[in-house]
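This document opens with one chain alone, in structure tokens, the form predicted on its own.
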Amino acid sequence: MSEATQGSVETVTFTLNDREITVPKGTTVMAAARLKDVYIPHFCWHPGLKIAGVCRFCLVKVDNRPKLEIACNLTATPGMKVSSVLPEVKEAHKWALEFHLVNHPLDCPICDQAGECKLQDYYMEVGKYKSEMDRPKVLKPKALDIGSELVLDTERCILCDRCVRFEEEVTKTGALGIFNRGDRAVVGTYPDKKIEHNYQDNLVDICPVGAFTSRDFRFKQRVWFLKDKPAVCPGCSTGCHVDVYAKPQVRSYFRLKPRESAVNGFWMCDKGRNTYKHMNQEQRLRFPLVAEGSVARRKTTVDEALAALVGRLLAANKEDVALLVSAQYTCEEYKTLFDLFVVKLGVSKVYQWREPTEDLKAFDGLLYRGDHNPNTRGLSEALKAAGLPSEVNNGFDELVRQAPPLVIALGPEVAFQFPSLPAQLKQLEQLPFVSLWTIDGAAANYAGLKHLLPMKGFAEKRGHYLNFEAKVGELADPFPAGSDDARDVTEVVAALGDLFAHSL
């Protein structure tokens, strides 16, 4: 049967490139091709935007129909036979590509999009011919300042309309339009206006060419030198699924991009894109720092730092030990931490380290939330499992007021989301002894902190976060740590456990 019902969903079966495909009724040929990993070239179509049908590049042939049709706006019907590989279709793709290249500059050697450019990809697929256009290219404005995160080169634009639709449909800000007519048409902002929202770099992601470039990434690295791995954004409790781009051989990170998921769809916010920077060498704590007795704080090894901490713990009463924990670590790290300190060592003083100015109920209506921690839910569940109060609260001020003799503090990983952090670190300096486990290199500037351990970043460890809806976000394929001395909490706790076992 060409039309059937699977469960409660009515389906349609048709043929695409001699392959029988079954999809929900109402699915377009382009969407069906994407679902089934069938390649149909396109520019203007995007699965997260409404259909525009302006690039005329996704042409296909339907049996028994006289003309080629665009796959993006062609609804699959029972028994339909569609081809995207016939010679006449390939010829149409060739001439559509020629049209898009008429006024496109030869910027590939200096364009950030090189290596990810659909014009390049499709030229290698259906192009590689001598152009028949002999008129001079139309010159258009370059390097336009249209937003705090963006630069626009209108010469490279092919007027696919994706950016305009994003502004209208996703952010609903309507900051972009297409102005003028014919080959003088350009994408741009309205007079005296710039793009100001928190989702600007999505325009770079969806641009199929190099018209929109990111100020943060612009001219920093060629994409073919980068390795990308999946991760979860640690910027807020939405927990967007992302890809992290780095050069592992030099342990440097360059950008985050959204990875399609049920959590964030196709998008992520600009603040989340900045959460890679703290993992780079110039911003992170790269080695342990320890002060012993009256001796000034000094650089040491991880083993020596852990031995010094165990010595302190063995000399202290359990009532004198407190944990200060931020909600930016994985569920697995919380479990191992509480298993050792709460369950085995009997520590009962556990405080949450939160930004006092945060508004947990704040939400921008799209993705960004006022809880600027990726694992508040996971921390709450770990506290509950350890028999401790699990409600969300900021216990930092209470810890400082009580001034316990020995504090083990899991510092916030994404420091820029904690504007009160400098003032809080100054307060921790006044306590008798604080062992701060952190990735933040700025913590080394606080000489009163007597024990610092360098930690791994979110892209350098395995584990899970639970977002605000308790949806799981997995860190499954870590990069090498940016510092040889960096550890995750589980590794530190395991080493401490071994030292305790040999000391008792």
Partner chain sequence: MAQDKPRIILRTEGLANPRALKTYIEHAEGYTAIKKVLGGAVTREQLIEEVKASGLRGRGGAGFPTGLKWTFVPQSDTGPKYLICNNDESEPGTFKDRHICTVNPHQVIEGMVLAAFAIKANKGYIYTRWEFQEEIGYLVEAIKEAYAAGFLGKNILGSGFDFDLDHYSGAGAYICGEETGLISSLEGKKGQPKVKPPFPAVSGYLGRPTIVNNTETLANVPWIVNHGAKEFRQYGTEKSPGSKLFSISGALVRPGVYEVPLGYPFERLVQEECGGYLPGRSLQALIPGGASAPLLTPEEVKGLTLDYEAMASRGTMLGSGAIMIIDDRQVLAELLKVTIEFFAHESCGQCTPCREGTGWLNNIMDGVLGGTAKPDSVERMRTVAKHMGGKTICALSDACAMPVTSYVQKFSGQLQAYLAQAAAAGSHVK
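Just so you know, these numbers come straight off a predicted model, no measurement behind them. Numbering follows the first chain given and starts at 1.
There is another form of this protein, the form predicted together with the partner chain, and it is not shown here; the text below is about that form.
Given a 4.5 Å cut-off on heavy atoms, tell me which of 260 to 268, 403 to 411, 360 to 368, 86 to 94 is the interface stretch with the partner chain in the predicted complex.
Heavy-atom contact with the partner occurs in 86 to 94.
State the residue from 178, 144, 226, 331 whose non-hydrogen atoms include one within 4.5 Å of the partner chain in the predicted complex.
Contact check passes for 178.
State the residue from 38, 442, 31, 52 whose non-hydrogen atoms include one within 4.5 Å of the partner chain in the predicted complex.
By the 4.5 Å criterion, the partner-contacting residue is 52.
Residue 433 versus the partner chain, in the predicted complex: is there a non-hydrogen atom within 4.5 Å?
No, residue 433 is distant from the partner.
Should residue 217 be classed as touching the partner chain in the predicted complex when contacts are defined as heavy atoms within 4.5 Å?
Judged by the heavy-atom cut-off of 4.5 Å, residue 217 is well away from the partner chain in the predicted complex.
May I ask you to state whether residue 243 is within 4.5 Å of the partner chain in the predicted complex, using heavy atom distances?
Answer no; every heavy atom of residue 243 is more than 4.5 Å from the partner chain in the predicted complex.
Check whether residue 73 has any heavy atom within 4.5 Å of a heavy atom of the partner chain in the predicted complex, and answer yes or no.
Result yes; residue 73 sits at the interface with the partner chain in the predicted complex.
Is every one of 321, 341 and 386 within 4.5 Å of the partner chain in the predicted complex, counting heavy atoms?
Judged in the predicted complex, none of 321, 341 and 386 sits within 4.5 Å of the partner chain.
Residues within stretch 55 to 79 having a non-hydrogen atom within 4.5 Å of the partner chain in the predicted complex
Read in sequence order, the residues that approach the partner chain (within 4.5 Å, in the predicted complex) are 55, 56, 59, 67, 68, 70, 73.
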